[in-house]
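This document starts with one chain, in the form predicted on its own, laid out as structure tokens.
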């Protein structure tokens, strides 16, 4: 991510001093550590970080400093990254499709927890992992209330999951279950349904599972207004686990948040390149850059507009179509974005809550995409 050594009080201070022509991502380590500590304190189990959401070294280091001891990794590159920065952390290789070479290298690097959702993939693991390894069978259900459905690519049916769990236990390995309710899921009932199904799978297989990974999917604050409440979701998970498995037989819980942990720790400042005939807004960042995910799950409307001098624009809101900088008609934010009527060329649009799936997916398409990163004490304008 290339953090600068200077620590700025706010994004406005940086923008006023530098007037950057390229987009700038502001990172607040204190915000990230506070988010991690709240998760650790409130979730009724082990909190592991989904590295794919933002694999920057500063993010991993600050999460480890805040007490995160587990990391959900999906590639050898992520495994090596965490091993270097947090060597004592527990690694969970939860990409359920891996080559035999990847499995063997992960074992050499000390990985002792894998997920699986197919018989052919389980056969690879059984041939290569050592005794004492945890294998979590990933299953899926129909999804409601999520931004998009992970089950379209990952997860065994309940019937197949039962068979896979039987095979894991028969091989003498540590048998667990895992699921993902879907991205930006706000309904606790989604987790309750999955936990109930997990208990049914374990009972049908005749296996007492060691752990239940309730996935990620926890929502970040994307829309204006009150942030999503995580405490009711955590409480529902806790109650549902006891209800489904019984107080004496409930498995240990773990979760793998990415977005909900890291999103709030970053804000993106994109500059207005043009206000075409007073109507359409063209920014110096878009869906091929740090705003890539907006095309998939909707625009973040938590924005602040600052003048080049760092003063906040406070005109009445006007719904505007917003385009990115590339010469590509697809480079448009979905829908419209409410921006102040006094918006002007060379202003900065500060998008809040953009720490997840931004720096990780930014491209250099069409010669754009250069992204500076600055450290800030706070992200309020």
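Positions refer to the first chain, counted from 1. Everything numeric here is computed off the predicted structure, so don't read it as measured data.
Just so it is clear, the following notes concern the form predicted together with a small molecule, a form of the same protein that is not shown.
Novice: Is the small molecule in the model of the complex near all of 72, 218 and 257, within 4.5 Å of a heavy atom of each?
Specialist: Checked in the model of the complex: all three residues contact the small molecule.
Novice: Test of understanding: in the model of the complex, would residue 138 fall inside 4.5 Å of the small molecule by heavy atoms?
Specialist: Result yes; residue 138 sits at the interface with the small molecule in the model of the complex.
Novice: Find out whether any non-hydrogen atom of residue 14 is located within 4.5 angstroms of the small molecule in the model of the complex, and reply yes or no.
Specialist: Flag for residue 14 set to no.
Novice: For residue 50, is any heavy atom within 4.5 Å of the small molecule in the model of the complex, or not?
Specialist: Residue 50: yes, in contact with the small molecule in the model of the complex.
Novice: With heavy atoms only and a cut-off of 4.5 Å, decide whether residue 357 touches the small molecule in the model of the complex.
Specialist: Residue 357: yes, in contact with the small molecule in the model of the complex.
Novice: Using a 4.5 Å heavy atom cut-off, which stretch among 277-285, 77-85, 210-218, 228-236 contacts the small molecule in the model of the complex?
Specialist: Heavy-atom contact with the partner occurs in 210-218.
Novice: Which of 180, 222, 271, 98 has a heavy atom within 4.5 Å of the small molecule in the model of the complex?
Specialist: Here the answer is residue option 180.
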